[in-house]
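Given as structure tokens, the chain that follows is alone and in the form predicted alone.
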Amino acid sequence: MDLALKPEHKAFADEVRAFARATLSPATRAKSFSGKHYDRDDHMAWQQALGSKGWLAYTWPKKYGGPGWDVTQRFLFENVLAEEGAPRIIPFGPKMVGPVIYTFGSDEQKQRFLPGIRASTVSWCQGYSEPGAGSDLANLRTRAVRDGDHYVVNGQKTWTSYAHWADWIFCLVRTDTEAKPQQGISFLLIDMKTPGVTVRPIIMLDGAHAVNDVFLDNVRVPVANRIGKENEGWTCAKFLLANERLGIAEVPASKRGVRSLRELNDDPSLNEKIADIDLQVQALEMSELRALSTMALGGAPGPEVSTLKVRGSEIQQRIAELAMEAVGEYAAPYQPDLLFRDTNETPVGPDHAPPAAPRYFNMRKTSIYGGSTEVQKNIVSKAILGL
């Protein structure tokens, strides 16, 4: 694996940096470095700008409207944008359901759904987890019963990120109650405006509204919105989860977090701990590059991405812990106005103190979403170690 940058890659990185500096809102960029929460407009304005440039679906091949970048370009794109303070791309459209549609969908489905995903004019959310079926996803109970040219869907999805912003939701539903759990599941695309879809907010410990419950009561979904064959949705699900877990490693964001720790820390006793987490991030980056290199040669993300998900989650949590340790007692006051709104309120302690505790609490979720750490270790032991 050759990590030396060619002249054309250096020029590409310069192009991405120039675009970010010319296009990214200063207010949005400031939120990235201050720890404030983004609102929907921050995400949509940035993603639609990327879409207009042809860069939102940057992991897609050219034949489906992506830029067809090589592994080095993808790596540089993610890292430069993180350095410039760009918001994380909401992955449900461009990184998750989009690849499922162009891999398993019909030509009609590709023509119908991919353009809106590439341009970020249509927003998506993910209907996987349910009460009692999160880590054990094959235990899902949301039921879809065939009724002519439609399915009638009943059930509940939970922890559904950005469902309150979404136009569509991609769902795993049970279409055969007699089959083995993984063999009786189908993959449906559901318009969030369909009668019977209800979204209820879940407010997290940091005070943010990012996740929701989604209730599906006699929701009629056209059979034409099913991706792949009936009862074979688990194939789509595994493909999607492998891509999701690769992204959950969040190496560029962790690198930005380490830089912030170095810039804001004034406690010499923390220097060794920061150096240690910096080395862990670098090691994770090398592992991610190996996975990307395999994909560049025509492979697909395999069970090894579970190790990236586990280590990425642990590293994100550790960075949040060190940020708490760096601000000490000033992490205790909770000042939500400084996180969610423009305000003249003066923070208690240094300017970087208010986000420390909320981010620490929020980062507890990283070892659960996308497949819990325990489940990922089981995948590694069976699929890689053969235990």
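Start at 1 and count along the sequence shown; that's the residue number. All of these numbers come straight from a predicted model, not from anything done at the bench.
Keep in mind that the form predicted in complex with a small molecule is missing from the display, and what follows is about it.
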For this session: Answer with yes or no whether Phe12 is in contact with the small molecule in the predicted complex, where contact means some heavy atom within 4.5 Å.
Result: no
Exercise. Is Gly196 close enough to the small molecule in the predicted complex to count, meaning some heavy atom within 4.5 Å?
Worked result: no
Problem set entry | Contact label in the predicted complex: Ser254 to the small molecule, heavy atom within 4.5 Å | no
Exercise. Hey, in the predicted complex, is Thr158 touching the small molecule, heavy atoms inside 4.5 Å?
Worked result: yes
Exercise. Where, among 98 to 106, 220 to 228, 159 to 167, 256 to 264, do residues come within 4.5 Å of the small molecule in the predicted complex by heavy atom distance?
Worked result: 159 to 167
Problem set entry | the small molecule in the predicted complex reached by all of Asp206, Thr346 and Pro355, non-hydrogen atom within 4.5 Å | no
For this session: Answer with one of Thr72, Ser120, Ser313, Gln126: the residue that has a non-hydrogen atom within 4.5 Å of the small molecule in the predicted complex.
Result: Gln126
Exercise. Exactly one of Gly85, Pro181, Gly116, Gly134 has a non-hydrogen atom within 4.5 Å of the small molecule in the predicted complex; which residue is it?
Worked result: Gly134
